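Next up: a single chain in structure tokens, the form predicted on its own.
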Amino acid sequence: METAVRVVEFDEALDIVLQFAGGLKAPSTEILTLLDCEARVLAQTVVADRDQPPFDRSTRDGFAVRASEAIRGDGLTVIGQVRAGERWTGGTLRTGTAIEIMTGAPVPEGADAVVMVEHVERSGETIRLQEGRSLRGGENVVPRGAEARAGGVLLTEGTVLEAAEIALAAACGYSSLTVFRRPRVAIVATGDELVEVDQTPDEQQIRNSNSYGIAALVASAGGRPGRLEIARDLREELWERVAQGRMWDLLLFSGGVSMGQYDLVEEVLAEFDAEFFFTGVKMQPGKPVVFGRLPARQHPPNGTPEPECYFFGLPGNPVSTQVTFHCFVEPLLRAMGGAAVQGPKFVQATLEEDVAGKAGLMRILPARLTSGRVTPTVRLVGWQGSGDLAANARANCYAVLPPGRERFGAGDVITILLR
């Protein structure tokens, strides 16, 4: 059975993937302790259990004062001290007085500013604002509830939980959270030339590195990877892997999607009534990438109901594999895990050197980003084509060079694909 060829522009391919990502049903959920929630996707809202901060909080070590008194240059008598974790119990701040205060401590009633300790002159128990210094009401004070009000929603469903979000949840008293379950991803490497990594390859063979690289990418994107047995370039072996992998949430093939005589992945998928959304993208590397869906079947030949299953056929060359994963697989996979739909992680940087473009293809090439404080710069990594694993490992991003330009010059601002 032949598959209709549909090669699309890069932006159209990404739009197709994001459209399907936006239509996914929410996955099932589970409850995890807070320390087990890192990189998981939130399936509930997190609300503030009290005002944050719960009191007017000092942001500096210094003295709680009335700003109007301090700026007159009058001497103010220090009548006590309040530290973080304490509360001033001496009543409202009296005229002509100040209270020494530490960062994070509650500002005593009657004070409307905190003057920094290094901005005053102190003689015994008297302080005075240094000449030339100013102070305004509210300075160095975070008012109660300025960060959040009790009952206010701080994190929403679909948020990826990283250090900042976990700390916020902890501050609100959450010891556990409801998160979405991670999607299960079946990975099938194809090709007669492949042997497993613990085998010694013959001269004409290579080790199955792609399935390990893809598994690492799947895990970092929130999925649960499973490496299926290598499929040789035989129709019956590919058929068995499709039958096995389609029971997972997402099925990924590496290799077997080009135009060669033994590139049989699309033909076998078609035997399962696959729907192909695109069979190639005008990009380099990664042009043969395939995206589609296997329909749910309630009464398949084997008698076991089969769920709907999305699939990608990724090119077999490792740089192509990883570029197309970041561009297309990762956005869908993150959405399958309950995360908000978003595209690849693109930023911009200044090109350090002249680079050739390509008229009809989007070029996405291994590069090295230097994150300078003022201007991030990027330089392409020398490589020997899309099979060059060593070059890909030396890179930390990819330079995105859109079609239509023959050359990009040093100093041009270009788009970078982060990984």
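Don't overthink the numbering: it's just position in the shown sequence, from 1. On a predicted model such as this, the values are computed, not experimentally measured, just so you know.
Not on display, but discussed next: the form predicted together with a small molecule.
Novice: Please run the contact check for Gln348 against the small molecule in the predicted bound form: heavy atoms, 4.5 angstroms, yes or no?
Specialist: Gln348: no contact with the small molecule in the predicted bound form.
Novice: Give a yes or no for Thr97: in the predicted bound form, does one of its heavy atoms lie within 4.5 Å of a heavy atom belonging to the small molecule?
Specialist: Close contact is absent here: in the predicted bound form, Thr97 is far from the small molecule, nothing within 4.5 Å, heavy atoms only.
Novice: Can you tell me whether Gln284 touches the small molecule? I mean in the predicted bound form, with a 4.5 angstroms heavy atom cut-off.
Specialist: The answer is no: Gln284 has no heavy atom within 4.5 Å of the small molecule.
Novice: Report whether the minimum heavy atom distance between Ser258 and the small molecule in the predicted bound form is within 4.5 Å.
Specialist: It does: once the small molecule is placed as it appears in the predicted bound form, Ser258 has a heavy atom within 4.5 Å of it.
Novice: Quick one: which of 242-250, 118-126, 149-157, 201-209 gets within 4.5 Å of the small molecule in the predicted bound form, going by heavy atoms?
Specialist: Answer to the contact question: 201-209.
Novice: Within 4.5 Å, heavy atoms only, which of Glu193, Glu237, Asp112, Glu306 is in contact with the small molecule in the predicted bound form?
Specialist: It is Glu193 that has a heavy atom within 4.5 Å of the partner.
Novice: Pick from Pro225, Pro318, Pro108, Gly338: which residue has any heavy atom within 4.5 angstroms of the small molecule in the predicted bound form?
Specialist: Partner contact (heavy atom, 4.5 Å) among the options: Pro318.
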